[in-house]
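For reference, the chain that follows is the form predicted alone, supplied as structure tokens.
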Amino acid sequence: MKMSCIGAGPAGLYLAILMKNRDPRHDVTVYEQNPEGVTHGWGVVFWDDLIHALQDNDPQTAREIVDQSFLWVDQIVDIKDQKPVRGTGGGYSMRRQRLLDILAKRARELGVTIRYDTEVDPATDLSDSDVVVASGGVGSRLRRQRASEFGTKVEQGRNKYVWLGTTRVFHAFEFAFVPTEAGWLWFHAYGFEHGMSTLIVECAPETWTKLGFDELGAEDSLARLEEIFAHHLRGHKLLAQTRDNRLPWLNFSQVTNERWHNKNVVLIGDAAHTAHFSIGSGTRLAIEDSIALARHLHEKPTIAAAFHAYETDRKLAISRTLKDARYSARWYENIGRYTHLAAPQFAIAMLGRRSPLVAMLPPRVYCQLDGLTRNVSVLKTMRRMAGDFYRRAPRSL
């Protein structure tokens, strides 16, 4: 089989690894429009479920990723300079470029060709490929060119956010919420290597405008954010990947596609679907897509059958995660509903943000129910019932 992957992110590179691992005779090429070593973002986060999937499919890659990962422990919720609330949990993180380097190295060892700084036109340059994989992420050019064929929909989230780095190392996954005269700002932060952390700042668009981020240059914007989060940064600096001396503020793009394949082209990762960054599942979903697609391409008698089975399986597999992501994004877009709560209650509401029950009930009532039912199944049942209600209710609700 001749396969061309358009985009050298985790999805495209890991699919290339799996295809060559299963059958070295496959001719697999990965094309990337950026130069080698250039990527967007700072650290990525993942959990044991991804590690287990990597171990089951390519132990060598799994070992290297585990060996070079940063381990963070617990979650901390810090609001209005109250005593922070600590919750249990833990996970892994890694500089995104480090992850891509590991995957690219392994792919080349297996005989995959990777062509960086290369843009291709699938209609002409890849006409002899049996399978063309759109693995270019949320901005996939190939998917955009065929948006009508895939039934693509892109919905913009309300809040503004920006991915930053900081020299302060967060050994726990920390959420910090700070009021200003213009409204609330908050960040999600976690360490990803010695001396570095990812720090994602988010706020309502009105707050963003009132604080001047629509006009300030990168240096002044960073200085203002360092002032707002001075208590949490403890003298450390914020770092940015700037664009024309402006911070790369974004609105989250929720990408959905009615169809994930058309003729010999198939979508994977963020090109097929996106999950809000607040649940930290993007890397896992991309790699799980690659695992499923590689498996079906080898098990099914035809490429068309493989594409159909892959799309059916993955749409079902990710439905709960995407629903959780939508509830989580909505919680942050309505944060004013919860900021009057004391820190322990605020933390309960925030950590429960994936449940539709949080939005349905008054915040204090939800927190009381959570405390009463922490060790029994009643709340779980109520959450399920709330989900059933939302599925049956009109979209206007």
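All residue numbers refer to positions in the sequence shown, first residue = 1. Source: prediction; values computed, not measured.
Only in words, not in the display: the form predicted in complex with a small molecule, which the text now covers.
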Decide whether Gln60 counts as a contact residue for the small molecule in the model of the complex under a heavy atom distance cut-off of 4.5 Å. no
Within a 4.5 Å heavy atom cut-off, is Val45 in contact with the small molecule in the model of the complex? yes
Would Arg96 count as touching the small molecule in the model of the complex under a 4.5 Å heavy atom rule? yes
At the 4.5 Å heavy atom threshold, is Ser281 in contact with the small molecule in the model of the complex? yes
Using heavy atoms only and a 4.5 Å cut-off, determine which of Phe170, Trp208, Tyr161, Phe177 is in contact with the small molecule in the model of the complex. Tyr161
Students should find that, of Glu181, Glu258, Asp128, Glu119, the residue having a non-hydrogen atom no more than 4.5 angstroms from the small molecule in the model of the complex is Glu119
Partner contact check in the model of the complex: of 223 to 231, 297 to 305, 267 to 275, 81 to 89, the stretch with a heavy atom within 4.5 Å of the small molecule is 267 to 275
Distance change of 3 Å or more between the C-alpha atoms of Arg25 and Ala123 in the model of the complex: closer or farther compared with this structure? farther
Between Gly139 and Thr124, do the C-alpha atoms lie closer or farther in the model of the complex than in the shown form, with a difference of 3 angstroms or more? closer
